[in-house]
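Presented below, as structure tokens, is a lone chain in the form predicted on its own.
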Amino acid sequence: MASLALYRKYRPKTFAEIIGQEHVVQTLKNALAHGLVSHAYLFCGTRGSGKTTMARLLAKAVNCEKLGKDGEPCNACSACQEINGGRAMDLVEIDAASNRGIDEIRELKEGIKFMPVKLKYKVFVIDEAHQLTKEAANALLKTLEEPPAHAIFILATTETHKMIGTIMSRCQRFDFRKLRAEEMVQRLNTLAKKEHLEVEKAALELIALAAQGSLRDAESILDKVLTFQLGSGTKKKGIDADQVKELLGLVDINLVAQLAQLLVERKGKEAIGFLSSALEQGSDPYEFAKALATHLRYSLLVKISPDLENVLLAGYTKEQKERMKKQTALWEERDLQKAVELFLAAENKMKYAYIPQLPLELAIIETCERK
């Protein structure tokens, strides 16, 4: 039998286990505690931010037979156990990416008419709702306008701008944010301990950074690391940052930041030597160029608009953010803009270069020699 992926094995069963979406959790718990549950919700946010998990939790809470005063499901009653076990016939999950047509929505409308088989409410979770066809969306709209008392709809989307306004206006909207690196590291550390796996903090930070704000991606990467560790035959040995970089082909953000520091200080000789050393140690030149261009872009945008820091640097640790801000302050805006242009061009040229790192080296030299 295939083993469950970590993100499924340890899917949160209470609102308290959800990380990074406190504003959504608190509002939903208040609604549950005071009997103010809406008939339709719209969960918006990037992939892996917890929309489907929150939808299942809400479905469980509205049907819980012993709901806590704080809005938390008991996880002990028959309704909670059925939903936890994936056996609840009254929880209907639809993937709009593959069931997006008018026929599927008509079937849904027919099914809505019938009372729940066992639970108090029939809950319909429609994932990637923006992919519904125009005809299907209009058919769903009629249902949302006059829903039966026993039905609750939860729509989830990664592309809110593609949702039609009339559907959005009939739903309570919640926006899910990308998770910060610190939050993901804490969660990954908890999962690693449950799996009896020792992973050093630097390795977890690399995983969090690679996930780019998606907790599901971070947990999937940790799953890959766990498989790698078990296959190595050294079960008691921990996982370090070098192993994670090797396994995932990652470029250490700390190396990129060190090279960027040499660039801003116009130390061309040292920068070329640093790059050579990094490549000799196994860094991929193309990935290094891509990571450096991204790092410089973030610096430029944060310099122009400091308010973007929380969005752009969501995957950075506190220490990495502080270093980035100090480094950004040393750049002149026009020099930083030119550096971004040079390294973007170098990244493109590397695809066809006979010596892959040559465009990167030339970009370093030109950046450091600019007056």
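Please read these numbers as outputs of a predicted model, since none were measured by experiment. Start at 1 and count along the sequence shown; that's the residue number.
In what follows, reference is made to the form predicted in complex with a small molecule, a form of this protein that is not presented.
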Contacting member of R180, K245, R216, R170, with respect to the small molecule in the model of the complex [4.5 Å, heavy atom]:
R216
The small molecule isn't shown here, but in the model of the complex which of S38, Q320, N30, T46 has a heavy atom within 4.5 Å of it?
T46
Taking the small molecule as it sits in the model of the complex, is E361 in contact with it (heavy atom to heavy atom, 4.5 Å or less)?
no
Would A353 count as touching the small molecule in the model of the complex under a 4.5 Å heavy atom rule?
no
Answer yes if any heavy atom of K51 is within 4.5 Å of a heavy atom of the small molecule in the model of the complex; otherwise answer no.
yes
Closest heavy atom of R187 to the small molecule in the model of the complex, within 4.5 Å or not?
yes
To test your reading of this chain, name the stretch in 216-224, 277-285, 145-153, 77-85 whose heavy atoms come within 4.5 Å of the small molecule in the model of the complex.
216-224
